[in-house]
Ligand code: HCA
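Only one chain comes next, encoded as structure tokens, the form predicted alone.
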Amino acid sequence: MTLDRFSIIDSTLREGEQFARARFTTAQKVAIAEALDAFGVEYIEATSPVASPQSEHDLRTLTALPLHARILTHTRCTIEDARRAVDCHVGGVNLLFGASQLLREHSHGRTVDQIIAEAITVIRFLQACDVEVRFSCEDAFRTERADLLQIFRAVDACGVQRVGIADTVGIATPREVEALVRDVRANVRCDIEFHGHNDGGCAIANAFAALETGATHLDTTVLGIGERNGITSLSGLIARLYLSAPQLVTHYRLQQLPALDRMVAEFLGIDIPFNSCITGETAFTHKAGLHTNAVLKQPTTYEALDPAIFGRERSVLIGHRLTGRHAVAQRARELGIELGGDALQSITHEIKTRADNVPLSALEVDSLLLAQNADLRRQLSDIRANA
């Protein structure tokens, strides 16, 4: 694993705007950019200023903010787009060109040689403006390998900071990503960026595979939002990296991640998906009796991530048919109740029986435990009175 250095390019304000439900206001974009910056991402990518008048206004607003993260914009590979981007005072321009035969035939109509010629012209213009330059080939995994490498070698020789490998339609597997990144790494000296869509469910795995094989920059969005099924989620990437080697991500402010996801979900009018790594509602919730018994003794038995590191808390559910006596006993102790073996078995059985019809709320479980405790106290009082 070669993870000597890497940077996160968060594209919530560019790729994320392509999510079907996204329509961020200027104020919301500022809030997201400031939160991403506070979290610690190295780059923030925003929509091209040529997309609309509001997009240009918003980009100028973002570049005027006192952020540590570098503001990038993503543009077509034309002098006109590049000039507009530079005029907005961005720190870098992410150029793109469709490279596959499909896109060359049905999108822009250029040959490989024409792509290279136009790319070099725009790259030299941007270099003269002293901004960072990335050149990306869209649809890289449906592009003939020889064509892709020819383009990358040409722009690398021109002096770009990095080339971008885009799994634009989300078809790649981790093994395919490894093979392509390895080939690109052998053909260029510059950095390598990976942008992976999630149509095939492999976005996080593919990003990690790219990093292991030599990529230096990874594209993410908050909640993984983006065109169609979106791209690599920021929280998912952080979880994967932390599980591999915590020191890879400890320089980020990990406890701010849940609030960041909640904010973007609120702006979008959606819930955080239940299966979102780290930030999902049930990410640290335990239910099955076998699991809760072990977790109560040693959380790492069924938790690979410590919720406290990310500002979350562990939850052990009790009011359901799968509950176990250890979880019930733990909740009783939290209420100041010590249950003997028979009493514990009895109340656990009652909870299971009732929950077969409908799960019990935490209040209902506590009421049963308190009632059980009152019965035990009365029984003890009767025994003492008759002694």
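The first residue of the sequence shown is number 1, and the count goes up from there. Since we're looking at a predicted model, the values are computed, not measured.
Here the subject shifts to the form predicted together with the named molecule, a form of this protein not shown in this document.
Look at 131 to 139, 245 to 253, 291 to 299, 105 to 113: in the predicted complex, residues with non-hydrogen atoms within 4.5 angstroms of the named molecule sit in 131 to 139. Taking a 4.5 Å heavy atom cutoff to the named molecule in the predicted complex, the contact residue among Ile192, Leu241, Leu180, Leu96 is Leu96.
Just one of Ser233, Thr279, Thr168, Thr143 comes within 4.5 Å of the named molecule in the predicted complex, counting any heavy atom, and that one is Thr168. At a distance threshold of 4.5 angstroms between non-hydrogen atoms, Glu15 is in contact with the named molecule in the predicted complex.
Along 55 to 87, one residue reaches a heavy atom to within 4.5 Å of the named molecule in the predicted complex: His74.
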